[in-house]
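Next up: a single chain in structure tokens, the form predicted alone.
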Amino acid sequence: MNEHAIKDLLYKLADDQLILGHRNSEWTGFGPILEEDIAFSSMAQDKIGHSLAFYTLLQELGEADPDTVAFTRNANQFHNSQLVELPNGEYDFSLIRHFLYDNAEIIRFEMLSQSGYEPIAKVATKLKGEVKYHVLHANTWIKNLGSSTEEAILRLQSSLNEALPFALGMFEHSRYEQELVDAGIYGGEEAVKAEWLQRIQAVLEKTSLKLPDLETLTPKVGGRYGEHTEHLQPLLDEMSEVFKIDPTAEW
């Protein structure tokens, strides 16, 4: 199997988790209620832990150690989707992003737990239980708030309309897409996207929210190969500030 293809897959998995983990951590102390403050903080910790697991697999394939990979690259060297780097905005946007992202991520983890590349399969099998609870959290709140007050429904619908083109960018094809599928490493982004659409639609049908017509949307792609919004580099600068004071320090 082409090692570059496996690295490409691992980088997008790890970078998505790291960046969204950092964004989620920004809700610490600012959640709309204490329960959600704790929930987003806990999910942030999980996602950063997941990124470490995938960066560790990359190190085993010859890449630099996880801290170096996480804290010394510039924005154009990151492989995350643009969705995860967007500012948190108000709670309605963060909740919609959480719903769209984690419903895709659980499908990836389910798929990767059956991967023909054993190191990825072991990590995905170990971690998918945590992602399952992230999905449960997201779906519960979408069902509750998406069927509540007129203001809540309008705000969530607006955030859904805004986030969906970026969410579609999560399924940007790898340069090694067919190779990964043919080798049994990964089922591919089209398969993930098809299942994702079914799952999010099933949740939205239980609310007053409507999925926009996908034919009218242009997916925000490019993030998998270094094309990012203006929001990513400032996030990376903040995230790596302590590390760069003394990269050799041991904690």
Partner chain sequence: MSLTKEDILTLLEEVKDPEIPVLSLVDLGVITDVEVSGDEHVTVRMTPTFAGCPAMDYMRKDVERTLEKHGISKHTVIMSFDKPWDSNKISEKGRQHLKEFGLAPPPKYNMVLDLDILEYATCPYCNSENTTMRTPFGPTLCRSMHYCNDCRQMFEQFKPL
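Positions refer to the first chain, counted from 1. Quantities reported herein were computed from a predicted structural model and do not represent experimental measurements.
Heads up, the form predicted in complex with its partner chain isn't pictured, but that's what we're talking about next.
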| Position in contact with its partner chain when the complex is considered in the predicted bound form, options 152, 181, 123, 75, heavy atoms within 4.5 Å | 123
| field | Residue among 130, 162, 177, 172 with a heavy atom within 4.5 Å of its partner chain in the predicted bound form | value | 130
| task | Evaluate residue 45 for contact with its partner chain in the predicted bound form, applying a 4.5 angstroms cut-off between non-hydrogen atoms, and reply yes or no. | result | yes
| query | Would residue 50 show up as a contact with its partner chain in the predicted bound form if we use heavy atoms at 4.5 Å? | reply | yes
| query | Wondering, does residue 39 line up within 4.5 Å of its partner chain in the predicted bound form on heavy atoms? | reply | yes
| task | Spell out, yes or no, whether the shortest heavy atom distance between residue 97 and its partner chain in the predicted bound form is within 4.5 Å. | result | no
| field | Candidate stretches 136-144, 67-75, 153-161, 88-96, one within 4.5 Å of its partner chain in the predicted bound form by heavy atom | value | 136-144
